[in-house]
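First comes one chain, alone, set out as structure tokens in the form predicted alone.
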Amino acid sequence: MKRMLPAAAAAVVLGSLTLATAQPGAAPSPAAAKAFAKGNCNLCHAVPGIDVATKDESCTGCHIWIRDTSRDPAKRETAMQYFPLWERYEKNVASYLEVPSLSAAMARLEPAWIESYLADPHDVRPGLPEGMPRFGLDAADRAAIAQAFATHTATVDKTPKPTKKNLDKGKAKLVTSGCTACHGFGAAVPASPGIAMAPDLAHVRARMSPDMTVAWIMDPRKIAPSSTMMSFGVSLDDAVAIRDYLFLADPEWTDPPPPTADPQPTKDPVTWAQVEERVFGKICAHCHMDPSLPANQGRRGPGNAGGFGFPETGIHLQSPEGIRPHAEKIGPALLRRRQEAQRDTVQRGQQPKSLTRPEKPGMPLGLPPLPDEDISLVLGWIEQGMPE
């Protein structure tokens, strides 16, 4: 999908694709820099001390580029001349258009939580369909990234220990202070109306220290200027009460529903055009690119060439010829993602279910599982000999 004309032409036609400058902040240690690079963290996030990816290389940058181009009639008309599938891109690009600020996360989140989260990510923002992918980082990589977080943690004032005496007051202040306009707290306090980027506040007790939580409630941008959360003028006493509620109250979680029986291969005749449009060209081609296609300019994508901490696979999924040698792996990967969804893509008010992670993650990485009808379509096409 990306860079389907020379970069120089794209820059003229659709806007600048120049390399962004390094993000403010202390440069990470060599071990952390290596781990951030191994996980390709800069494809979505601005990593302090590290250059961000060019827009045509970046997942988020490319998606924003497509969205913004589609909103400009002149640029959209030109794009449609250069990109035969432009209308498909506009329809399909709905994820990773906005991602959390890594500098704000580094200023406030507990490094120990980051280390465990990288090993076993779960859905803390249930309003978003996408989530943090499961990366192929080893224990040393995760520890190095956690240490980088530790060096950026803001210093905040000490506060009283959380007490249950504040639960009633804290719940009331959570609502009257405006927190629930963006956030929910488990199923106990729904967001109204809620915004997609706002984390479920039931995760705060694991992600942040009690002292940091109070400081963050009072003035997020004092802790991290890049924060998208603003100050609402909450007093110290009220911030402490809200914090105590978040740390000690029952979130009244609901459980995500278990997956239904695995979808079975459709018995209806399936063509390559059908599975290409609905699955392989829509989703899989982002990462599993065929370098022989002129539009890809020799690029293979992280699912083929290796990326996000995972080794090279040599798998491209843009033609039946590329799929046939690996067809037996595709169904299991899609079905694993259905299981992972109980932890990775829960709905508001649901507690991510603890899972035993298989060695290999399900697909698509970081995104919701395919609809069962699409999985059935792919399984049926494979069972039918993958006709072209």
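From 1 onward, residues are counted along the sequence shown. Worth saying up front: this structure is predicted, and the values here are computed from it rather than measured.
One more form of this protein should be noted, the form predicted in complex with a small molecule, which is absent from this view; the next part is about it.
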Check: Only one of A188, A105, V156, L248 has a non-hydrogen atom within 4.5 angstroms of the small molecule in the predicted bound form; which is it?
Finding: A105
Note to self: Within 4.5 Å, heavy atoms only, which of Q297, Q274, T254, N92 is in contact with the small molecule in the predicted bound form?
What the structure shows: N92
Checklist line | Option from 157 to 165, 280 to 288, 266 to 274, 69 to 77 whose residues, in the predicted bound form, bring a heavy atom within 4.5 Å of the small molecule | finding: 280 to 288
Notebook entry, point to check: Can you check whether A241 is within 4.5 Å of the small molecule in the predicted bound form, heavy atom basis?
Noted result: no
Next item on the list: Report yes if any heavy atom of S58 sits within 4.5 Å of a heavy atom of the small molecule in the predicted bound form; otherwise report no.
Entry: yes
Check: For R357, is any heavy atom within 4.5 Å of the small molecule in the predicted bound form, or not?
Finding: no
Notebook entry, point to check: Is P352 close enough to the small molecule in the predicted bound form to count, meaning some heavy atom within 4.5 Å?
Noted result: no
Next item on the list: Over in the other structure, so in the predicted bound form, do A191 and L355 pull closer or drift farther apart at the C-alpha level? The difference is 3 angstroms or more.
Entry: farther
